[in-house]
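Let's start with one chain on its own, the form predicted on its own, as structure tokens.
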């Protein structure tokens, strides 16, 4: 990888052999994406498409018909299997590194968060885990976001932090903050007069976006919630290592404990596609509830399928069926404007737009090749970022 991940107090450090395996997995994945996956379009244009038209007398109506047709083709079967395999290999290569140094990482996290700290952490052992989180390992990450197996567990946070860095080819920058920087720069460009006193991030994972917001809005009180205790322990320790002041709490984004109208800004970053149909309605409603009058709701996501080239839509829908992202396709089909209006926002205050993505924001675009056309599913940080939100 052209970008090296910056070390901090709880980031797992790979041994020589572990680093070699991770480098191999990264290189193999890159080869699959750049040299194997592009053959799917060739297969469609030369074999699958003509056969479909001959059989049906028309072209596929939607990405679902296209997917069923492509699923019979050996090229797509091989490329899809290789993508899923490299995904699993990536998590395994990082997981074994964490397991080797488990005691050290846990002890480091506890040392960083012992006594008087800049950030705070409130856990809720009685919190009910929603099925869409507890019963699914999103993006094939072992244990998903919810697993908490031992006292002081930080495994899921360490796995996500290091694994996502490799998965995105370092596009998010050495501190994994490119996606957060994209959010901050979008906010500063679209709402230049916004000076929030209190900010809430829903679905904070390792706290990278919250850390960026804490630097971008120095006078703001930052709150960040997630569902997983191990994730939050890691995020708390990371924040301490990075010198950030963030108030972390274990909560369900569908219904938090915060008071009505208590935030000036509510943010999510790649959260909505990890939820479920009723949950997303609840989350947008919760955003409306906790925002003050004039406050801003912003969601950074992958783009909607509406208006997208049919083959590109099929390509981006790969995660729904192959990467443990069951809500991926559904959320990108939703009428987001109606969703916000149903939650109480005025239609004229809803926005959907694009802005520079993680690679551009982190300054890695010149160092890492970015070609979203060659990628199945997520663009892994390259290209533009889709933003959806509203003012109250």
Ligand SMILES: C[S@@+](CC[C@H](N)C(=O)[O-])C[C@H]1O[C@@H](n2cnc3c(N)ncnc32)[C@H](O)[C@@H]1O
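Residue numbers count along the first chain shown, from 1. What you see is a predicted model; the values in this text were computed from it and never measured.
One more form of this protein should be noted, the form predicted together with the named molecule, which is absent from this view; the next part is about it.
Undergrad: Any of the heavy atoms of residue 163 lying within 4.5 Å of the named molecule in the predicted bound form?
TA: Because no heavy atom of residue 163 falls inside 4.5 Å of the named molecule in the predicted bound form, the answer is no.
Undergrad: Is the gap between residue 297 and the named molecule in the predicted bound form 4.5 Å or less for some heavy atom pair?
TA: Outside the cut-off, so no.
Undergrad: Does any heavy atom of residue 254 come within 4.5 Å of a heavy atom of the named molecule in the predicted bound form?
TA: Residue 254: yes, in contact with the named molecule in the predicted bound form.
Undergrad: Residue 95: heavy atom within 4.5 Å of the named molecule in the predicted bound form?
TA: Residue-level check for residue 95: no, no contact with the named molecule.
Undergrad: Please determine, with the chain shown alone, which of 105-113, 311-319, 197-205, 83-91 has non-hydrogen atoms within 4.5 Å of the named molecule in the predicted bound form.
TA: Within 4.5 Å of the partner lies stretch 197-205.
Undergrad: The named molecule isn't shown here, but in the predicted bound form which of 220, 270, 123, 78 has a heavy atom within 4.5 Å of it?
TA: Answer to the contact question: 270.
Undergrad: What is the one choice in 209, 182, 168, 119 with a heavy atom within 4.5 Å of the named molecule in the predicted bound form?
TA: Comparing distances to the named molecule in the predicted bound form, the residue within 4.5 Å is 209.
Undergrad: Does the trio 264, 266 and 390 actually contact the named molecule in the predicted bound form, every residue with a heavy atom within 4.5 Å?
TA: Spot residues vs the named molecule: no contact at all.
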